[in-house]
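Just one chain follows, in the form predicted on its own, and it is written as structure tokens.
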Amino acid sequence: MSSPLEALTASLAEPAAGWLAASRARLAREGPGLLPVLFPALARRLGRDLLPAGLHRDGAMLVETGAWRRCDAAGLALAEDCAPDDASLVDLFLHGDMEERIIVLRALGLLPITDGTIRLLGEVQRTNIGVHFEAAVCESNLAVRALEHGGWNQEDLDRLVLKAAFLDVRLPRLFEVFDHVGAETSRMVQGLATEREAAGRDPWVDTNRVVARAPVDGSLERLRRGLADAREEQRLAAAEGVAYLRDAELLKLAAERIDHESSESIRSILAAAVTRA
């Protein structure tokens, strides 16, 4: 599928196209020091319209183009044109407003991992501003690339998953992260779910999907209860978790639940899991 830059080029008309071309030419002459001048104008000049949907892979980098806005793609174009050093990139984020920070963070998904990337991921770990968290790590495999690069470790990824749970961000939006769930991830997510339930709040909808990847004490019981939960989204997560884990006792329970399940999609998941057993 088209890259965000290709999708941007195809969607731009005058005067936005002319402004971007002139800005890129000026950047080529003046260098990265011009970025703090250009970035504040991106949302206004290019607009916030979303680009057409489609997965785009560039080497190890994977993003969903439809999550990008025109201004985000323009920010990436400017960053790629002048290759700012880590200090300049971090400074652009720290001194930017809400929109500028989103643009910087979104661009990380299609930029090489550097010390600056790791520093900005640290900033995202500390924020409770949902749009910044989403811009950095959602609809992208940036978190996994950081882990595989070595700038991050498993503890960092575990805390990111917990942050997603805290913010109620669906984990499939963090591309490839399910493949790196471990026992500590499950313990942390399960602990948050228990705290929420004790306070009368719904657990994160992906809790049962996570704990099924790496069960810890209490995980099988949580999946068992999930199959009978009154909330369909919780039953769906539990059914998918049971299908992935393929625990014999849970599959036996799944077989018993099929005739009592009101959702056709959940019945299909349970039936397929039982058939494969």
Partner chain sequence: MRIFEPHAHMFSRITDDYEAMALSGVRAVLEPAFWLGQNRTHVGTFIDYFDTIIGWERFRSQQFGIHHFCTMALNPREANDDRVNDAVMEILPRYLEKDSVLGVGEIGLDDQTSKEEKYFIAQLELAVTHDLPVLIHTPHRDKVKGFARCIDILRDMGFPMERILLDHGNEETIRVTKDIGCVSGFSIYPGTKMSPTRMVKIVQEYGVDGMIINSACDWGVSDPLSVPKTVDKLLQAGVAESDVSKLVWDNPVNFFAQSGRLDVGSMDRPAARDLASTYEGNSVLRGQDPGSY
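Numbering follows the first chain given and starts at 1. Just so it is clear, the structure is predicted and the values come from calculations on it, not from any experiment.
The same protein has a further form, the form predicted together with the partner chain, not shown here; the description that follows concerns it.
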### Ala41, heavy atom within 4.5 angstroms of the partner chain in the predicted bound form
yes
### Message
Can you tell me whether Ala28 touches the partner chain? I mean in the predicted bound form, with a 4.5 angstroms heavy atom cut-off.
### Response
no
### Heavy atom of Arg231 within 4.5 Å of the partner chain in the predicted bound form
no
### Query
Do Ile129 and the partner chain come within 4.5 Å of each other in the predicted bound form, heavy atoms counted?
yes
### Message
Exactly one residue in Gly54, Pro36, Gly47, Pro215 has a non-hydrogen atom within 4.5 Å of the partner chain in the predicted bound form; which is it?
### Response
Pro36
#### Entry: Partner-contacting position among Glu100, Asp206, Asp158, Glu139 - heavy atom within 4.5 Å of the partner chain in the predicted bound form
Glu100
### Query
Among 112-120, 174-182, 92-100, 145-153, which stretch has residues with heavy atoms no more than 4.5 Å from the partner chain in the predicted bound form?
92-100
### Summary
Contact check, 221-249 vs the partner chain in the predicted bound form, heavy atom within 4.5 Å, ordered by sequence, gives none
